[in-house]
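There is one chain below, alone, in structure tokens, taken in the form predicted alone.
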């Protein structure tokens, strides 16, 4: 009798799996709404409206909001709910400067430590990304774009580097998305990624480091232009 009950026990874990999948899905959907500008910086997160829109209860929504607060996308307001965190130009500049150094270090290490299978995986992600660019699908393009940058760092073989990079990159994910809102910049970014892939395939660490630095610096120029254009101007005289 006991053995029959023991064999029947595993299916009870299914609701836990479903809750975890729902949790991850809600985080992804809410993150996309923030990153893509659907929820503007500084706007209040209305739980009732978001629950209706996402078709969920308040519990998974609140869990997702707390998680995105840890990524710097949301600010929790004591006794007042939460709002989309503002994008401050000075903070963005500081984070991009650090990310540039981290990506350059990753460029050196990945050429040394990545396996051929790792590089093949990054190449496959690149082709998927390019296909979405050709169809003008920015949201899908950006998803693969981020996967490529994350995998480059992960395949460098330094867990500390990858952890720090993921945390900082989450804080400026919206800024990186903004850079592609210019069609000219978007087209140029794809060409830069092709050069990055060529350097990685050749395991040319010096060239890859330089390309990754320049790629991020080019993004920052457009991001700063967009942020400065949206900042309120102070009156003089």
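Numbering follows the first chain given and starts at 1. We call the rigid core the largest set of C-alpha positions that still match within 1.5 Å between the two forms. Treat the numbers as computed from the prediction; the structure is a model and nothing was measured.
Only in words, not in the display: the form predicted in complex with a further copy of the same chain, which the text now covers.
The three marked residues, 78, 98 and 101, each reach a further copy of the same chain in the predicted bound form, with a heavy atom inside 4.5 Å. The shortest heavy atom separation between residue 185 and a further copy of the same chain in the predicted bound form exceeds 4.5 Å. Mapping the unseen interface onto this chain, residue 23 counts among the residues with a heavy atom inside 4.5 Å of a further copy of the same chain in the predicted bound form.
In the predicted bound form, a further copy of the same chain sits beyond 4.5 Å of every heavy atom of residue 134. Under a 4.5 angstroms non-hydrogen atom cutoff, a further copy of the same chain in the predicted bound form lacks residue 49 among its neighbouring residues. Looking at 176 to 184, 49 to 57, 190 to 198, 63 to 71, the stretch with residues near a further copy of the same chain in the predicted bound form, meaning non-hydrogen atoms within 4.5 angstroms, turns out to be 63 to 71. This chain lacks the partner; the member of 138, 150, 130, 164 within 4.5 angstroms of a further copy of the same chain in the predicted bound form by a non-hydrogen atom is 164. The partner is not shown here, but in the predicted bound form the stretch 151 to 182 reaches within 4.5 angstroms of a further copy of the same chain through a heavy atom at 157, 158, 159, 160, 161, 163, 164, 168. Once both forms are fitted on their core, the CA shift for residue 191 between this form and the one not shown remains under 2 Å. Once the rigid core is used as the reference frame, the Cα position of residue 167 differs between this form and the one not shown by less than 2 Å.
Superposed on the core, the two forms barely differ at residue 211: its CA moves less than 2 Å between this form and the one not shown. Legend note: Cα of residue 27 to Cα of residue 159 is at least 3 Å closer in the predicted bound form than in the depicted form. Figure legend: C-alpha atoms of residue 73 and residue 163, shown here, are separated by at least 3 angstroms less in the predicted bound form.
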